[in-house]
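There is one chain below, alone, in structure tokens, taken in the form predicted alone.
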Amino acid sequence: MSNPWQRLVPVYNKETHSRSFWIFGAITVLGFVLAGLRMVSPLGRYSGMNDAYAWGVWKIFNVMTLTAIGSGSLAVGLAAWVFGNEKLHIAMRTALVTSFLFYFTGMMALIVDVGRPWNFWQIILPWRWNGHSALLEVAVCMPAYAFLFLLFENVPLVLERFSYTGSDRVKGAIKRFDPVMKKVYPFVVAGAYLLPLMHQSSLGGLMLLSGPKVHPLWQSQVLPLLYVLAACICGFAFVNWTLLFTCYRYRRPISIEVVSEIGSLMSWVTFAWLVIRISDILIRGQVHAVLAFDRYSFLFLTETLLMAIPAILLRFKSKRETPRTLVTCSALAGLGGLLYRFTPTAFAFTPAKSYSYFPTLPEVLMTIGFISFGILTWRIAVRYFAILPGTNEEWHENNWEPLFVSLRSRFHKKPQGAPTWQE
């Protein structure tokens, strides 16, 4: 069976300004307006945080959880570039763009949470760093990874677009810049794998420092390692889910060879995570907490089953080669990984008995607004840049739409043919 993913092709046969586009746009605007109001107002008016719960939903969901989903470039990149799995190169742009969008939205949420963004430039002055802060590594690594290394890795797709659509002057500049890009790129790639490994493990290390405030089922010396592995699982899961869903949405053929390979890698990493997780529970003597059948036991069993079931199913070739099963397994594994990253900072985190935290409505609306912004930007990106895989037959120079296209796109012809969804 030939691989239908022969090159990357922009989405040219689909209307951009659909009804869902405007719905996501309205949610994004609402979230941004609230975020703007928060930036010029005291934090207490917009957040349920208090002296004991200094981390609200912007940190524990947008930063702790969404950066795990945004680890597709780390997981797929390690497999493709470090371990030489060349068939995954076709999925790299999907991984890079989604990773950048989730890190960018996570950083926006962090800025709204911390406030005073006009002081953030001082992060580039090492003599102003607080060397005693456990957050220092996260504060340095996350922005450096997102706005330097990850952003640089996404430059080629922008250059590719303008090498086709730009003026002769722009095309000449790109041609002169291309050799420089090729020389620098390997060093950027090395940093792009080192920094996320550092800050993902640091996020686990932060919870390790919380000591008895985190329930014993999650408080462990191997928390940093489990956080890194959970990020890789979420990264594989989200890239695979995105490839399958968007190919179905935009009527692109699906390469079973590639998506089943990503599913297989996700399965093996999940097994490694499960072995470490269960061994740690046994060694620390916390089996009684697992069998307590209270809310913590329920959370532990739920996240473990969400991870274990898809890992087992994806060891069968027939399951890996069925798109519907792959979509389901990717969603379950991703949810399991997200729940594992969310629980130690939320449900299993008890800093003080007399305090409690529940996100306010503005917090929730801002969080949804940031997520909508990521979805909206992804839809625009696949339209104007060559991100999604396609066939050679789908490619022609006329499928580059002008930037900032007007309502003219409403009158594009409707896509032909049935979706290639394989039952």
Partner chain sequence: MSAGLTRRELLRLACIGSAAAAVAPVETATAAVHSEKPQAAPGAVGMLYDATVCTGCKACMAACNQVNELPADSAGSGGLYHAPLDLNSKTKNIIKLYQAPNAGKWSFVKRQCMHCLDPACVSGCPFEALSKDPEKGVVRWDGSRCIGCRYCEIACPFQIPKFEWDKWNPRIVKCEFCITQRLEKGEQPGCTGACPTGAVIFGKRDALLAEAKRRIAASPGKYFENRVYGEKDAGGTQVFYLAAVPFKDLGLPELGTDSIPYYATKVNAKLYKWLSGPLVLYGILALAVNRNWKHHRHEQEQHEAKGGLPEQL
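Heads up, when I say rigid core I mean the largest set of C-alphas that superpose within 1.5 Å between the two forms. Numbering follows the first chain given and starts at 1. Computed from a prediction, not measured in an experiment: that's the story for all the values here.
Below: the form predicted in complex with its partner chain, not depicted.
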Quick one: is L306 in contact with its partner chain in the predicted bound form, heavy atoms, 4.5 Å cut-off? no
Contact of R93 with its partner chain in the predicted bound form (heavy atom, 4.5 Å): yes
Is L229 a contact residue for its partner chain in the predicted bound form, using a 4.5 Å heavy atom cut-off? no
Counting only non-hydrogen atoms and a 4.5 angstroms cut-off, does N392 reach its partner chain in the predicted bound form? yes
Contact with its partner chain in the predicted bound form, heavy atom within 4.5 Å, among L335, I312, I276, V189 goes to V189
Can you pick the one in Y296, F271, W129, Y248 that has a heavy atom within 4.5 Å of its partner chain in the predicted bound form? W129
Determine which one of 65-73, 351-359, 24-32, 374-382 lies within 4.5 Å of its partner chain in the predicted bound form, judging by heavy atom distances; exactly one does. 351-359
Tell me whether K182, L194 and L209, taken together, all sit within 4.5 Å of its partner chain in the predicted bound form, counting heavy atoms only. yes
Considering only 71-95, what residues come within 4.5 Å of its partner chain in the predicted bound form, judged by heavy atoms? L78, W81, V82, F83, G84, E86, H89, R93
Flag for P216, CA shift 2 Å or larger between the shown form and the other one after aligning core: no
Rigid core aligned, does the Cα position of K182 differ by 2 Å or more between the shown form and the other one? no
Taking the rigid core as the frame, does H288 move its C-alpha by 2 Å or more between the shown form and the other one? no
Sense of the change in Cα distance from G115 to T377 in the predicted bound form - at least 3 Å versus the shown form: farther
